[in-house]
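Next up: just one chain, as structure tokens, the form predicted on its own.
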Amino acid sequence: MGTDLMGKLPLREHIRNMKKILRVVTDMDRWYFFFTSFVHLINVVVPYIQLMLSAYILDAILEKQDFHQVFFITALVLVIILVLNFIASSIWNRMEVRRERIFSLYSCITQTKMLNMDFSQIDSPKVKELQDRMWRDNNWGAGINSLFWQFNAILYGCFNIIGALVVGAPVVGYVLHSRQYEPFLVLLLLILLTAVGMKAGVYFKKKDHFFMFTFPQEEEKEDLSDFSWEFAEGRGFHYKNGKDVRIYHSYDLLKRWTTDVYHNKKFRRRLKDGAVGLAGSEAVVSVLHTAMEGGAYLMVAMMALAGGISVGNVVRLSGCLKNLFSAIYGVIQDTAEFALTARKQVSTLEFLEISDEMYKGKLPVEKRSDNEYQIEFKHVSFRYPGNEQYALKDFSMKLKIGEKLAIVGMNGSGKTTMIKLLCRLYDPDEGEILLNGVDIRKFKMDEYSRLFSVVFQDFVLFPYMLAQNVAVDVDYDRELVRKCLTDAGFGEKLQEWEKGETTYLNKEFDDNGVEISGGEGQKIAIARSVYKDAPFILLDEPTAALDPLAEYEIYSNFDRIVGTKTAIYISHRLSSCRFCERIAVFHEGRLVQYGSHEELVADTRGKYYEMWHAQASYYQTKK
């Protein structure tokens, strides 16, 4: 993945990448580069004004011009320079604020894309691989900030080249019309030296980039695992891991995958190549700058000794020549770096260009005060992207209004898949799901999703206020929030907190935030599902990490507050079955049994009977 950055690309492809990323930036702020170009123009003009002023003063002294005139012109030029510098710095400071805004917007675009993308896309191997590429491509450097710095350097360099040619134009005329060939030979030598220096610079840059942008190959993993990079870069560590580190004394294990990596022979060789590349690149720049400066002074000195230019013009033209060669070299180097930066953003651009596959629907969902909605699965089959095996096969079932249904089965039996299809996180590969007789794919997706409140096994609580977690909104009904929390069994804890429902969860945004336990988090998630007041409420194994008795208590509480709503309990344990009129038993992606607890437990050859008697001892205290 990282090695993609080092492969050869046609020039046309590089140009297309650069245009695409610049288009993204200009779409976010069309005036940024316009104003920065104006700043670069001023920053180029000012040094050339200073250069010409120095030349003027030298010639004026040698020609013994009137002091007052020289003083007046010098003072006027200095005032002009002061004004130009003030204008440039004022605009640049504002552009830096706008650059930070663009950087934040760019991050928001990728996050917004993730929020609005079809869940089936997010969960696909293609998108996961692309996200990994995005992380790797932006791991070295400053991400899109590098684009601003490099493109601004290119703009400045281009203006500098134009300025050097305009101010130093007499040099061109002199070289063309002079019968002396020595300055021309020096100029030719400088051009050849610049070309060789650029070639050497590219060579050393490649060595440096190879170290930064390539990652261990498959055959190296025994000695230098990809995980070592992720762990060393901070992807694999969280402060909560500290408990396990200390209890299990895992320092040696962590050392193996972090500091020991840097003593690996292959890594040391790669590090050496990177150091050579960086040192070589810096050396080439230093040699070229010295040669250009010396060559420029030599050329102009030869012209001055031949009597072609004045002493003042020696200073003016030598500065122009030095700036010209330095700017040309800089523009080429910065363009190469900019091409690499644009190439690193290709993965992000590919991510942003992913189009949704699911039809969003156009029919409005009928709003019924009586919540008379009926769901029917008709011969539904589904396979996850990239998987040949069916997660759900030929599944048919009706969900009756107001009933409480338990869906049970071993892990991987298709329970959660059924809920994802019901909520339209995925669409079935075969068959259809009907809402009041209409295929759910025809309904507006945002309206359809309002029919469901779901507490997933991997539910998420945000580091915001407790009330905002329950309402999932900035604005909320305070009394309703407190009622839902109390009904969910969180009332006593709520009374203990000094700030009540305005208490922040964890300390990410508030140092006085509260760390909650797993059971407390589940109660908050249940309160959230109740606050939404949807006609269908689904519990998808949110209590899998709890012991069976604690799970039973949460289900009991939930059954009480659900009331007459349609409720679906999903679990590989059977504590939820006591509250349900009907039970659906899943096994290996199929619905193998359906009925009441008494009917299913009476079938001694059925899967439910096997599971019930394997787990019955857990619930005996509740009989």
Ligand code: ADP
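Remember, predicted model here, so these are calculated numbers, not experimental data. Counting begins at 1, following the sequence as shown.
The form predicted together with adenosine-5'-diphosphate (ADP) exists for this protein as well; it is not shown, and the discussion that follows is about that form.
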In terms of non-hydrogen atoms within 4.5 angstroms, which of the given stretches 406-414, 488-496, 351-359, 71-79 touches adenosine-5'-diphosphate (ADP) in the predicted bound form? 406-414
Are Trp149, Thr335 and Glu337 jointly within 4.5 Å of adenosine-5'-diphosphate (ADP) in the predicted bound form, each by at least one heavy atom? no
Heavy atom to heavy atom, is Phe443 within 4.5 Å of adenosine-5'-diphosphate (ADP) in the predicted bound form? no
Just checking whether Ala391 would be counted as a contact of adenosine-5'-diphosphate (ADP) in the predicted bound form - the rule being heavy atoms within 4.5 angstroms. yes
Does the 4.5 Å heavy atom contact test between Trp92 and adenosine-5'-diphosphate (ADP) in the predicted bound form come out positive? no
Would Tyr384 count as touching adenosine-5'-diphosphate (ADP) in the predicted bound form under a 4.5 Å heavy atom rule? yes
Checking Arg528, Lys420, Arg99, Arg343 against adenosine-5'-diphosphate (ADP) in the predicted bound form, the residue with a non-hydrogen atom inside 4.5 angstroms turns out to be Lys420
Contact assignment for adenosine-5'-diphosphate (ADP) in the predicted bound form, among Tyr426, Phe325, Tyr504, Phe452, heavy atom within 4.5 Å: Tyr426
